[in-house]
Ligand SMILES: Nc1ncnc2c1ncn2[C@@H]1O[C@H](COP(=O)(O)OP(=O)(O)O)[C@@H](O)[C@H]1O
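Take a look at this single chain in structure tokens; it is the form predicted alone.
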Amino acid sequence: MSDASHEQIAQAETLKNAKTLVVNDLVKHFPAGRSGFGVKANKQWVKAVDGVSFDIAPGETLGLVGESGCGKSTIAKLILRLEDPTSGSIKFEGREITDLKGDQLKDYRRSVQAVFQDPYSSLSPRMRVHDIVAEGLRIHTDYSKSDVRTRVNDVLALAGLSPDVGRLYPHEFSGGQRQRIAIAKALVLDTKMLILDEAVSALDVSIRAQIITLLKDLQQDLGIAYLYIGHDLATVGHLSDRVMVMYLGRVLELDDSIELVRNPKHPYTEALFAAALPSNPDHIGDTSEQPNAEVPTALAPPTGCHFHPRCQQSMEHCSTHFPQEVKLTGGRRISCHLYPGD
């Protein structure tokens, strides 16, 4: 066998085993403060994302949870290249995306798509469904009209819709049907990864279950990677293979979704799940597990562990030293002084 053949086999094996997305030490700080009357304000920074690392494999769903302001949406914008990182690395299928430009960036945008919370806002009210779904094909491909029509009909069928809906407008559909249209629009290209930003939270419970089932079936059939961002912890736990918990720009815990829901380790994760998923309805009013105080601002996060002012298990050094991330049994990642590691 020639050297070229060996190289091709090695490259194929690398791609086979590669993660769809690898994020390493990702940082995004936004400037804050204004200048006025000729006086320059002291420069401050909102630390929206502050050293986040994770990966997603093909066909895997990573859930991302945390209170408002923790950095979830900023991470989505960084992956979608709607924002540029302050520092850190984002690799998609082994290729760094933070410096992509021109045709390379265009190719990347074909592969990574987003489905948002409100399908009505993300679909143009002036366009028919066929044109909405076909828009990506017209931008990124040189398909003929016949090929475009065939592809649009195919993805509408994947999303559980009839080709006949192509002549209608978004306002003629229910919320669940509009979300199916948004999913078809996201899948019409050679999509390898979907960012689902609260993609079912605006839907009724019964419709939400249908869309979750659809997303699971599509993932199984197409091998797409999902990053699912949500506040509804029951939905996140059900849809995700792993769950990552963020607080003020940092990852506090990451593990298999079933293990994380059953046995959260970090005090913040415990409080988050206890408040959202009470094991006994009689305990809904019990605030003993809920965190103290209000959420601090990312403009001036607390020193040490950012969660320590609200933590009922806080120790003296929690206020001075941010805990190093450690791996527990089973591969769980956690940043907490209660688990100092070896």
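All residue numbers refer to positions in the sequence shown, first residue = 1. On a predicted model such as this, the values are computed, not experimentally measured, just so you know.
The form predicted in complex with this ligand is left out here; the points below concern that form.
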Going by a heavy atom distance of 4.5 Å, is residue 72 a contact of this ligand in the predicted bound form? yes
Decide whether residue 83 counts as a contact residue for this ligand in the predicted bound form under a heavy atom distance cut-off of 4.5 Å. yes
4.5 Å heavy atom contact, residue 298 and this ligand in the predicted bound form: yes
Does any heavy atom of residue 48 come within 4.5 Å of a heavy atom of this ligand in the predicted bound form? yes
With the partner removed from view, which of 177-185, 131-139, 89-97, 73-81 is the stretch that lies within 4.5 Å of this ligand in the predicted bound form, judged by heavy atom distances? 73-81
